[in-house]
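One chain follows as C-alpha cells, the form predicted alone.
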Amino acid sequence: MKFSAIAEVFDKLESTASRLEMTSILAEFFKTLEPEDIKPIIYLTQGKIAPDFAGVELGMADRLVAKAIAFTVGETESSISEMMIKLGDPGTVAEKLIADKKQMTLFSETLTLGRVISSLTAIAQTEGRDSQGRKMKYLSNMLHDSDPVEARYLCRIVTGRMRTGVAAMTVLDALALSFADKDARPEIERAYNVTSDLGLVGATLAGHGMAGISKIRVKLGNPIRVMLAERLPSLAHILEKMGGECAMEYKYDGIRVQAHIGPDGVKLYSRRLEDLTSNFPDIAESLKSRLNGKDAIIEGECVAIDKEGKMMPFQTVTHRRRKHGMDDAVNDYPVNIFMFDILYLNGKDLTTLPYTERRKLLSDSFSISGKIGLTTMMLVSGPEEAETFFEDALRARCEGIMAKSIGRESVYRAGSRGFLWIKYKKDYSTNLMDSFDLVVVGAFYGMGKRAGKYGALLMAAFNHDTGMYSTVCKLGTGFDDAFLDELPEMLDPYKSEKRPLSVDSKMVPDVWFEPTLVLEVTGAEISVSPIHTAASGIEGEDSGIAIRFPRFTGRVRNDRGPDQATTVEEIEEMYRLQPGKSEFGDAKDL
C-alpha cells in the first residue's frame, strides 16, 4: 500500500475539527484496507508503531529531525532550526522545503506502508555508537522519496506529535462504523480496555468480526486500562451513594502500578502504560517470590518509606523515575507496595468478580511481609466509622481514602470512571474539596519579573464524550522561578502554530500547545463562566464553568496522560454539588 494514501487521510483529518467527520473519514478509509494493514495504520494515527506498553520509542528530537531535513534538501541545519522555531512544527518545515525541491522526485522511489514501518522500526531499534547519525539517515532516506504531505507526517510520526486530533475513542468509533454497528461500540471499547492495544482490536475486528472481539480477554503481558474513581464532597454523600455501607481503603500518596507476574518474570506498568520494571526492581523481585500461584495481575501503590517505616510524600518516590543510577536510588529511596486489587490469577480473568471476592483472593494469593503489603481496608456502615477511618488514614500520612462498592455490581470496570469507586482526600476546602489534574493547552507571555518567560498557562479538562480538551482556567499562581525556567523545555516540543484540533477554547493564548503536559491544580470554587468551554451551556447558551483562583500545587503529573486528566464531567458534577453555586466573578481571576 502506498504511504501517500495514508498521508492523504491524515491531511483530511487535520482539516476538520469535527469528531463526527473524523470518524466518518477514518471509517471509510478502514473499509478499503486489507486486514493485515489495519494494525500498523492504527498505530500510525497515534504517531506510533506499537502500543504504548511495548515501550517502542522512535526517540527523535527536533534537533535530529532538523538535521535529517537539512541533509535531504541541501539546506543548513541552522536555517532549518530557525524555520522550526518560527513555524513550531518540523512536519510543516519538511513539507514546505520538499515542495520547493520538486526535482528530487525525479530520482525517488514510491514510499510504501511496509517500507515506512520497516524504517521506523529500524529507527526505534538503533542503539549504540553513532545511533543518532543512523536514525537521521533512515529518516532522510524516507524524506528523499516522499512528497510534501508524506514528509509532513513522517516528521510528525518520528517526533510523536501527529496534530490530527484523532483520539483513541475516535478510532474505536470508526472501527464500529466500519465493521460492526453503533450497538457494538461498548463491546469494542471493552476489548480495548482489557488489552490497551488499539491495533490488536482493529485487526481482530477486521479479520474476525464481533465474534473475534468477544473472545478477547485479559491477558498476562497486556496491561489493563485502569479503573478510575469519582469524587463526592463528604463522607455522608459517599455512604448515601454506596447504599449505607462500603469498603474503605487508605489512599496512599505514591505511584500506581499494575504488576504482571508470570513464569518468565514480572513487568510493572504505570497508569500511562509505561514499563516501570527497571525503576522498581526490588518490588518486582518481591512480588515474584511471594506469589502463591503461577501467574497474576495485581494493582498497587508504590510508596516511599523512611528508615522508621513511615510513609513519605509523593515527591520522594518520584526519585525512582530515572533512567540511570537505579542501584543508588533503590538504596536511597526504599519503597513498599500496597496492593489493592487482583485482576487475573492462575490463568483466570477476575475482573468480573465483585470487589469483596477479589480482595479475598488478593489476600490469599501473596505471602504478606517485607516490601509487600495490602492497603489498609475496613468495611464501613456508618458516618462515625467513616470519619474515624478517614482520620486514621490522615494520621498514617495518606492522602485520604478510597470508598469501594461491595455489592454484586462491584466488578472491575477497566478504563472507566464511576461511582463504584469514590475518592475523598484531605486537600479540600469549604467549597472545593479536591485538586484537579489539568492539561496545558496554551501559554501567555509574562510581564514584569516574568518578562521573557511564560507567565500564565491555559488549562483544560478532558471531555470523555467528545475527546476534546475544554478550558477551565487561566493558571498564573503557584509557580516558583525554577519551574518557570523549566517550562519551555517541558512545553516547547508541543508548540502548535494554531489551535490544536482537540482543544475547545474561546480564549486565545500567545502560544498554543498540543495537549500533553498534566499539572495538579487547586482552586477556591467552581463557577459559571462566559469565557471557558467546559460544560458549555450548563447555565445558558454562552456559559461554561471555570475553576476560580486556581493555584499550581507544584506537582507535575508525569504519571498521567492527557486523556487521564480530570474530566469535564467530574468538574460539572462537583459544580452541582457545591453548597452554594456562585455566578461568575471577575474574568481576570480565571
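Sequential numbering from 1, following the sequence displayed. Please read all numbers here as calculations on a predicted model, not as lab measurements.
One more form of this protein exists, namely the form predicted in complex with a small molecule; it is left out here, but the text below deals with it.
Asker: Pick from 468-476, 184-192, 279-287, 225-233: which stretch has non-hydrogen atoms within 4.5 Å of the small molecule in the model of the complex?
Answerer: Contact-bearing stretch, as computed: 225-233.
Asker: Examine T375 and determine whether its closest non-hydrogen atom to the small molecule in the model of the complex is within 4.5 angstroms.
Answerer: Contact with the small molecule, yes.
Asker: Would E399 sit within 4.5 Å of the small molecule in the model of the complex, counting heavy atoms only?
Answerer: The answer is yes: E399 has a heavy atom within 4.5 Å of the small molecule.
Asker: At 4.5 Å between heavy atoms, is R548 in contact with the small molecule in the model of the complex?
Answerer: No, no contact at 4.5 Å.
Asker: Taking heavy atoms only, is D145 within 4.5 angstroms of the small molecule in the model of the complex?
Answerer: Contact check for D145: no, nothing within 4.5 Å of the small molecule in the model of the complex.
Asker: Taking 4.5 Å between heavy atoms as the contact cutoff, choose which of F340, F366, F513, Y269 touches the small molecule in the model of the complex.
Answerer: Looking at the other structure, the residue within range turns out to be F340.
Asker: Within 4.5 Å of the small molecule in the model of the complex, heavy atoms considered, which of R413, K423, R161, K495?
Answerer: Partner contact (heavy atom, 4.5 Å) among the options: K423.
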